[in-house]
Structure formats: structure tokens, C-alpha cells
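As a starting point, one isolated chain is supplied in C-alpha cells, in the form predicted on its own.
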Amino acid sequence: MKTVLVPIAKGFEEIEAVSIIDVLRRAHIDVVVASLDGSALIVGANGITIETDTNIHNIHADILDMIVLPGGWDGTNALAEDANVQRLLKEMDAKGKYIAAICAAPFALHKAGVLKEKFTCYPSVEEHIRIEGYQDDRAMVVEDGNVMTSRGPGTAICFALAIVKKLKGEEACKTLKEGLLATYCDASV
């Protein structure tokens, strides 16, 4: 079974985190939700509380197939400053494992030095990363090497489906896409 880590911190974007966790679990992917400080309950940007599975200190890159960062400015800044998240991102990249981020979270990838040339993010966040390579063509998901990025809450289901396609294949993605009525996701998903 594929294993994906979704680290969350206070101020994470709930739509993104829950969409990713839900869609991946529907695809029978083992999703581990981790806190940065050992707290079992993390409050998102809009006051919704999520219960985590573990502390990120307990996670090693060797057991992961992918790490996926949800956005939300406060949560993103915490991910960008957390030594364990930054270590895992660098280890995952060095091993050629998949890395993904949505909304503001590509900033945390940039901070770790793992963001590739082409990326997308929530509009205006690119100003905190770099303008070069920013894909503002309204693509829901941008892939470059082992890194996937997406734009924000409205693209979260399509982003999660692209992750399913990457980890479980075209047929699993198609079946899930139809079941979720997510036919609006572009052809690349």
C-alpha cells in the first residue's frame, strides 16, 4: 500500500487538507496526518479542528511514497520553519520520491530548496517565491520532475486526483473521478 504524509500546522487550509486526505483514503492510500509539535488536535484557518495520527518526529522518509503539504498562510509558514518538515522534504527529494504542495505551501518547498523550475500556487504567493517558472495559465496542477503543485481550495479535489493518478494509476483515478462527480477536472487528471 502506498503511504502519504500530510503534515498540518495551526492555520492550515481545511478544504485542501480534508480534500487531499479524503480522496487519497478513498483510493486506498495510507494517509498519515502529522502534527509538528505533538498536538493531537490542530485548528485550521477557519476554526475547524482536525485530529492528527502522529507527531512528525515519528516519520522517516523511507516509509513514505509522497509528502503533500496543504496551504493556508499560517500553516505554510509553520511548515517552512519546521526543521522536521524541511528535513523530510530534502530527504524525499534526494531519494527522487514524490513531493506535492497546494496554495501557499509551495513556499515551504522553496524554503527547502526542492521546488523545481515550473510551479503554480495561490495567486500572489509567487511573489514570495519567485516569478520565474510560475505557471499562471490557470492549470489546476503543475508537475515538474518529482514535484506537483496546485493553486488553492478550488483545485484541491483535482490536485488529490492527480496524486491518485501518480500513485495508483489512470484507472484508479478515472473510477474515483467519476464517483466524486469531478468531471470538471482537466484531462491531465
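Note that the coordinates shown come from a computational prediction; the quantities given were computed from them, not determined experimentally. In case it trips you up, residue 1 is the first one in the sequence shown, and so on.
Form predicted together with a further copy of the same chain: not shown, discussed below.
Of the candidate stretches 124-132, 141-149, 44-52, 57-65, only 44-52 has residues whose heavy atoms lie within 4.5 Å of a further copy of the same chain in the predicted complex.
Contact check for residue 25: a non-hydrogen atom falls within 4.5 Å of a further copy of the same chain in the predicted complex. Residue 18 belongs to the set of residues with a heavy atom inside 4.5 Å of a further copy of the same chain in the predicted complex. Contact annotation: residue 179 falls within 4.5 Å of a further copy of the same chain in the predicted complex, judged by heavy atom distances. Under a 4.5 angstroms non-hydrogen atom cutoff, a further copy of the same chain in the predicted complex has residue 157 among its neighbouring residues.
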